[in-house]
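Read the single chain below, which is given as structure tokens and is the form predicted alone.
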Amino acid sequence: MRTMPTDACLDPYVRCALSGAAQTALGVSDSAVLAHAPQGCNYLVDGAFSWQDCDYAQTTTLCTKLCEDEIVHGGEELLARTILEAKELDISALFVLSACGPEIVGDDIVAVCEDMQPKVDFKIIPIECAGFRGSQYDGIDLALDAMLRTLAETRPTIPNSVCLVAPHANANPTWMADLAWVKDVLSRLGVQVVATLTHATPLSDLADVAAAEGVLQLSHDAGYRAVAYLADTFGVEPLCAELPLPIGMTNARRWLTSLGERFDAEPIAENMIADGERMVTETCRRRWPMARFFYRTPAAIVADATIGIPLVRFATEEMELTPALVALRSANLDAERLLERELNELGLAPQVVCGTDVYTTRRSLEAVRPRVVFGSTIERHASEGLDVPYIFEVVRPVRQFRLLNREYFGYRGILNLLECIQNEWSDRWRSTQRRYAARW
């Protein structure tokens, strides 16, 4: 059964379009980001620093800091002055992002950027991404669209090459490790990565993106429009488009097999699959993870589609749980169709909620009463009073600070997820045991 949330609330799951656009723009390394916004909205840009793993000493953000007068009467003149002040920066591009206020009063940032372009040495790229345009995933799509239409150029195709799209649209708190795993896999298959849209991406890579032979979308929440644009405009072939991302044994095997077949590297892919599955099996035999005690336990998955959809098969096959609720933070028709195919293949009929918010999640958990929840710290609080023994915090926000990046993709990713599960099981078990005073 599929339901959509009907009760509005102030939701902490997903930020607005300005935040998503800032996350994307900050992934371009030799650039700066200018928020045409009040100072409060600029905090969304500051927050995007940490998500892109940016170095504060090497990345610049600017803000027009609109006050009451500009919000009422318009701030185009202030925007023009701020762009001129950026002439002192050693950058290749300036991304100009608009917030709700200036778009409501009619500020035309595109026209201002066109007027100012001859007066500066760097490329100015306007992105109309007011918060009312949608969620952060919509903002990611808006930013990718502006980048591709402004910067992508027709180039000769590079054989055995790909571009990667939207790795940052991912609720794994250390998604950079997932991206590193994908790049390592492609390197071993003899495939060149022409560009990553976007993470530590030089501006020159954006001009070369159309030279890629194929495109890999690393999110089920954003990037569909960018992939379609590359395919329709430049003939770049979408790869693994009908597969969940490689979380879990089956998903990793299917993903690697598909890439191996596409790039005539089947023996290499088969060896990677065999080595990875052997490593996971041998590690589990030695360490005895407690996942075996969850056989047919009803479970809920509350996550972004990027993590949530492949987790369905992981929970069903690796842990032998029975998913009773799948609640996705985004509502994307392509992702929903992919989820539906997965559920049909696995013979599952859980309650499905797309575009969930915290209130709807709480109501769904009350109705389903799962024994296990894959989610975040938010679900830990939302489950209070529902007698949910185990909350596996695998998507942001999480309580545990992670200094090192740890992937969910691939075979080490399976062990990282099982480690999260093992630690939660151990903490829950210890918390129920009676404490005795030491005898010494």
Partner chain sequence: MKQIAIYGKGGIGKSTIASNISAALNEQGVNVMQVGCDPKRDSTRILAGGHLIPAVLEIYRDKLRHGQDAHAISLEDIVFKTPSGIYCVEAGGPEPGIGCAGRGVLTALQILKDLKAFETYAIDVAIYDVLGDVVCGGFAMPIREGFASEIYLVCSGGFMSIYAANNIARAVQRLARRGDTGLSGIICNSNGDDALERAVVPVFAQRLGTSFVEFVPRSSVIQACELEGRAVVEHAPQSDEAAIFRDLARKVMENDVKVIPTPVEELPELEELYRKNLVKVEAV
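Residue numbers count along the first chain shown, from 1. Remember, it's a predicted structure, so these values are computed and weren't measured experimentally.
This protein has a second form, the form predicted together with the partner chain, left out of what is shown; the following refers to that one.
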#### Entry: Stretch from 74 to 82, 201 to 209, 298 to 306, 154 to 162 whose residues place a heavy atom within 4.5 Å of the partner chain in the model of the complex
74 to 82
### Query
Applying a 4.5 Å heavy atom distance criterion, does A111 contact the partner chain in the model of the complex?
no
### Query
Contact between D69 and the partner chain in the model of the complex at 4.5 Å, heavy atoms?
yes
### Query
With a 4.5 Å heavy atom cut-off, would you call A349 a contact of the partner chain in the model of the complex?
no
### Query
Does the partner chain get within 4.5 angstroms of any non-hydrogen atom of V105 in the model of the complex?
yes
